[in-house]
Each structure stands twice: as C-alpha cells, then as structure tokens.
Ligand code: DOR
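Only one chain is included here, represented as structure tokens and corresponding to the form predicted alone.
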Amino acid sequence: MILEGRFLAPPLEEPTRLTLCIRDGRVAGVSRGSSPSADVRLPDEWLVLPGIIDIHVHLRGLRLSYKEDELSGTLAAAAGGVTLVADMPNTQPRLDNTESIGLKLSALRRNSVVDYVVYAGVPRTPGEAERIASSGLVAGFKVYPEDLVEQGALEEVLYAAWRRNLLVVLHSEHPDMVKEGCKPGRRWECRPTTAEIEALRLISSVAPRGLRLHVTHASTPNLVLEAKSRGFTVDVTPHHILLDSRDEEKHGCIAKVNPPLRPPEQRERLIQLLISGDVDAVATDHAPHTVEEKMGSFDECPPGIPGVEHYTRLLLTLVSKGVMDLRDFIKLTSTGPARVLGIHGYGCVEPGCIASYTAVDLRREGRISGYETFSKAKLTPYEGMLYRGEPVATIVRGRLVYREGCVCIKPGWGLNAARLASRRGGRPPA
C-alpha cells in the first residue's frame, strides 16, 4: 500500500507531506511530497499522527456481550481514531486461565477491526500464573483491589510477570478502605484518596525489584506522584481530568465510576501533572453498561463510563484550548502508551516502523452524542459537550479501517499485538 498525507510523527519536528510505502504492516520506504500512485491520499487539511493506543478498555464480550462485544467495542475504537486497545480481564468467564483467555482471543480474532492485547486476571489456581505468563498470549496481568488481600496468588502473579518481563496493571484502591453508601457528589468520601496510596504501598512491599508495574486510572495527584517516585508508570482518564464530583451529583449513575470523580481542586491538579510530564498516558477505562443498568438506583447501578469513541475529540479540545500542545497529545495517546506496553517503533515514519496512524481534522467542531456511536453503551456524562478536533481516518498496519463515519474493512483485521511487545528474553528464575 502507498499512503500519502501530511504527517506529524517521529522523527518529524513539523507537519510534512510524505508518501509512505507500506509492506506487511510496516513502513518500507518514505519520500517527501506527493505521489501519483498513492492508494490512499489524505487531504492536506488533515494531520496524520501516530496511531492512538488505549491501554485500558473493557470490551466485555463472552457472556457480557449484551453490554458490549469485540465488534461493537473495536468499531467504537476505530471511530475514535484508536488503532490498538488493551482489554481487561473482568469478563464472564474471567480471563484468569488459559482456556478463557483462548476464548477471548478467538472472539477478538473473528471480530476486531483494530489491533488488541489482553490482560490476564490474577488466578487462584497454583501454577496458572506461570502457565499464562509463558503462553505469549497476554500483555500482562491486571490486579484488582480484591486481589491485594490474596497474598499468595498476588505474589505468584508478580513473580511470573517479573520473570517474563510482562506488565502488571494495578487498580490502586485498598479494599479494606473503601465502602459504598455515599450519595451522588460525595462518593469520593467513601473511596478516599488514602485508599489509592495504601494499595500502591502494599503491592510495592511484595513486588520484586524491576517489575514493570503500571498504575491505571489514577484519580488523585498524590497517587501520580507516589507512583512516579517509585519508578512506576501511570495513566489518568479523560473523566478524571474533565469531570469532577459536581458532575457525579448532576448525572448520578451515568457519572458513577471507580475510582470516583473527585472534588474540583483534585481535577485541576491532575491537569497540571498531565502537562508537566508526570503522566505517561491517558487511557479511557471504557466501561460499557446497558441503559437499563445505568438508569437504576445510585447505590445499585454498576460503575463505569464509556469513552473510547469520544477519547480523541475530548483531548483534541484541550489542544484547541491551549491546555496542551500536539506533542503532549502524541506522547499521552500514542508514544507513551506504546512505551508502557513495551512496543517499539509504533506510528513513526521511518523504515521498519509499525504503520498505524490516526488522521485528525483540528478544525472540525461538534457536540458529543452518546446515541450516535458504534458502542452499545449510549449514556455518557459527556453528552452535549462541545468539542473541537475530530478523528477522520484510522489506519491500522497500513490498512484504512475507518474514514469519516464509514468502516472500510471486514471484522477480523486486528491482530494480537502482544507479539509486538519487547520481552527482552525474560528474566532468570528467582
């Protein structure tokens, strides 16, 4: 395939019209200017950026397909300019054994239109963590709050991941320090910031030195700083930097999420850390539920905010407002997430680079509409929010997957990008 467009991607310092020859999903040759033989020619008003990676999504599927499935979720990702998603293991059945992981990967092979990786959950069966880690099927393990009190199972996962140089992703809330029962707008009191810090300190006390630990959806500035001081990577979500406890009070269940939305001053400090370079990535924690589930009582409705289709629009709006620049955007949505996952040469424009790109039109404006999405989750606290900047084309390993509202490829194009991640030969047994 020959792709022509105006690129801003490493190693370029400014937007440049390029023609790329792409072979087997990677850049094989680069020339400046236009080419009459281009298979795909993107307009000059569009800017082609490194492919966006969302390192935290819940595609549901399997027995939870009524909430979202591998097709609807990855169509939403492609429409949001996302070229690779990392899927979480709290499915039914849970992805805590090689059999259920195989079922999930089979569904993704049949249905995904973008690339993907999956995380495994913490197994309770002795020896299963090592079997999963050695399979080459997963990008790492996800540790939930309830896993922190299962010390034997937790330590087995940490050492299995350490030996294979796999990622461990932490939902940092200590289960003994959180509760429910707070009214809308005050849920942060039931799930205090100290619970986030204590969970990180607990896992740090048993983790082997050199473990690749990533703290996900940090909702407090103190957790970001604590993670970075310990040498770990960390991400924040769009909802924790754009919304706060007042939105939870206004929207109720639609804005209910774990960790909860915090008071406004916490959100403002998170934004400062975002642009100061202390945050490695922005991840959506796309968590779809049905309309009926989200219309229940606040105490009983499930937590979670869908966002993979709105992700790029929301962050480009921050660019348009001068909160961050395009280099911040590229770092937080592509090069940073790729580094967290251990994938090298993603979305750059040199020979050998993985040819996954997101084209955006920085001038396009609109309003977020939950019902005009590919996702099955239609209720969003971003409803009606004005945005400026829109993903207009999504290219995955050299194939045009999405362009201006139209899906351009059959399901099944995506591949398991876990094989692209660097293992550096693993580690010797402890």
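Here the structure is a predicted model, which means the values were calculated and not measured. Quick note: we count residues from 1 along the sequence shown, nothing fancier.
This protein has a second form, the form predicted together with the named molecule, left out of what is shown; the following refers to that one.
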query	finding
4.5 Å heavy atom contact, Tyr144 and the named molecule in the model of the complex	yes
Touches the named molecule in the model of the complex: Arg267 (any heavy atom, 4.5 Å)	no
Exercise: Glu248 in contact with the named molecule in the model of the complex, heavy atom 4.5 Å	no
Exercise: Asp285 in contact with the named molecule in the model of the complex, heavy atom 4.5 Å	yes
Residue (of His214, Arg164, His171, Lys331) lying close to the named molecule in the model of the complex, criterion heavy atoms within 4.5 Å	His171
Listed residue (Thr290, Ser320, Asn97, Asn90) with a non-hydrogen atom within 4.5 angstroms of the named molecule in the model of the complex	Asn90
Residue stretch of 97-105, 124-132, 346-354, 300-308 approaching the named molecule in the model of the complex, non-hydrogen atom distance within 4.5 Å	300-308
Residues from 38-66 in contact with the named molecule (non-hydrogen atom within 4.5 Å) in the model of the complex	His58, Arg60
